[in-house]
Ligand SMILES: Cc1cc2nc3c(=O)[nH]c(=O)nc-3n(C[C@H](O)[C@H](O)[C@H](O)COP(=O)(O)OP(=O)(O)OC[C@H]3O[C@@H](n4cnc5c(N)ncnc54)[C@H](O)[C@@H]3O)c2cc1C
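Consider the single chain below, provided in structure tokens and representing the form predicted alone.
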Amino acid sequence: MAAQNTDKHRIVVIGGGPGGYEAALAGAQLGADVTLIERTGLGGSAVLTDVVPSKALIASAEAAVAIQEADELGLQFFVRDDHEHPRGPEVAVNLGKLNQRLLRLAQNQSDDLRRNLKDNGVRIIEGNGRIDADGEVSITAGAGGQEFDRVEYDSLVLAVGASPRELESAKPDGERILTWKQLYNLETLPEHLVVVGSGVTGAEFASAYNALGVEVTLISSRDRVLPGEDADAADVIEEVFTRNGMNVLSKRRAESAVREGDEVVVTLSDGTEVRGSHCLMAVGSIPNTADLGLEEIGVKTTGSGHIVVNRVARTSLPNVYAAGDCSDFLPLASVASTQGRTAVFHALGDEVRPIIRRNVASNVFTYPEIATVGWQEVEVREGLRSGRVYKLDLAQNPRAKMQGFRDGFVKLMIGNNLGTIIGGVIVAPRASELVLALSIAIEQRLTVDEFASSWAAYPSLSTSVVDAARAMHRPVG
């Protein structure tokens, strides 16, 4: 059994993703005896195969877009032919080198996390953790491997994450039919990438590969891409997709995807066949909770296997918590991190601020990005929250004009009575950076006039957020 200090509160964390990492770090910093069990590497899928590499891919795609659109800014790039005559260059993508960089960045981030945990005294054990009914966690090497250790706990944090959902009729083979974890194995760009699923993951990868010059077909079972996002924001993204040559097939459900030599044939619900060189299956995820031992100790789960938690990340058992994509909260890395810290603060009796689900800011890393926080327009229109809505197009912003940005907007939602800011949507390059101001305003319950009195540097994209607030002012009396 791993050595533990029985004089200290013993915290065991299963899973080293954002939720598990933050839980372990917070516990160690508060003086607890912390053991973290991780099977794939610190950072989990968020760092190793999901958030970090995918957003690094998107950064490379944005660089390609900047080069392609440089002519609009008065910049021209030329290469010379054999006769020293200038001709316009094409953006060449070395996907093998690009993917190596993504995975290297991910591994470096994972190494940094490991180093930080060790420096703070966290005990790290590599293996699979499973909960036993006697209040211990057994640790095995590999799936179905032999048990090699056991640890006891006073508090347990489950942060085991989720894996890509796979369909029986479209089984990934890692070569032509792929999950988002397998895209980084490609050495060359696909000739034609068929993306099944128009949610956040599908839209982000479709946007990135389209920007890298790949022919992309995006299959959406709904009437538009990004059905969970603000309708105006989704319309902007779909317009950008189609303008850039992407083939978007709406109201079509993919029934199957099969290999035929060097092609993938995707059959749609209406019988149409879409042929491509590769297919990305982005049809959701499933929590990694199946063999965790939850039933044995009585932890409540949903029908999909997600662990039911409250606003302080506690499960149906008072000393067991869950953080991240394995819980039934929001599948965001930022939420997982906050859940991990909140769980440990609660377990150790420290001050806790329960998470307000509606106040969580989220972002879609397409180009342009979509950032949202708080109440949304559809909820105001349907009467779920009284308020006013105002939208300001980004094209009016002087900095946007300077940088050649023409797609996007700022949308604010405010309450009718006091004019308190209750929600916002930003569609812009780097919307993920701009939304912080609105997130703070909502958390601090600022009125639109209080927000409008703040200073934004001129010229900047952030002036559009302040301008939208100023436009919503109503005179007193």
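Residue numbers here begin at 1 and follow the sequence given. Quick caveat: nothing in here was measured; it's all calculated off a predicted structure.
Not on display, but discussed next: the form predicted together with this ligand.
Is it the case that L294, even though its partner is missing from this view, gets within 4.5 Å of this ligand in the model of the complex, heavy atoms only?
No, L294 sits far enough from this ligand in the model of the complex that none of its heavy atoms falls within 4.5 Å.
Can you check whether C279 is within 4.5 Å of this ligand in the model of the complex, heavy atom basis?
Answer no; every heavy atom of C279 is more than 4.5 Å from this ligand in the model of the complex.
Taking any heavy atom pair closer than or equal to 4.5 Å as contact, tell me whether G27 reaches this ligand in the model of the complex.
No, G27 is distant from the partner.
If you check in the model of the complex, is S60 within 4.5 Å of this ligand, heavy atoms only?
Outside the cut-off, so no.
If contact means a heavy atom within 4.5 Å, which one of 247 to 255, 332 to 340, 221 to 229, 208 to 216 is the stretch that engages this ligand in the model of the complex?
Heavy-atom contact with the partner occurs in 332 to 340.
With this ligand left out of view, choose which of L446, V65, A437, V51 has a non-hydrogen atom within 4.5 angstroms of it in the model of the complex.
Partner contact (heavy atom, 4.5 Å) among the options: V51.
Select from the listed residues V195, A159, V344, A313 the one whose heavy atoms reach within 4.5 Å of this ligand in the model of the complex.
Looking at V195, A159, V344, A313 one by one, just A159 meets the 4.5 Å heavy-atom criterion.
Which residues in 16 to 40 have a heavy atom within 4.5 Å of this ligand in the model of the complex?
Residues within 4.5 Å: G16, G17, P18, G19, G20, I37, E38, R39, T40.
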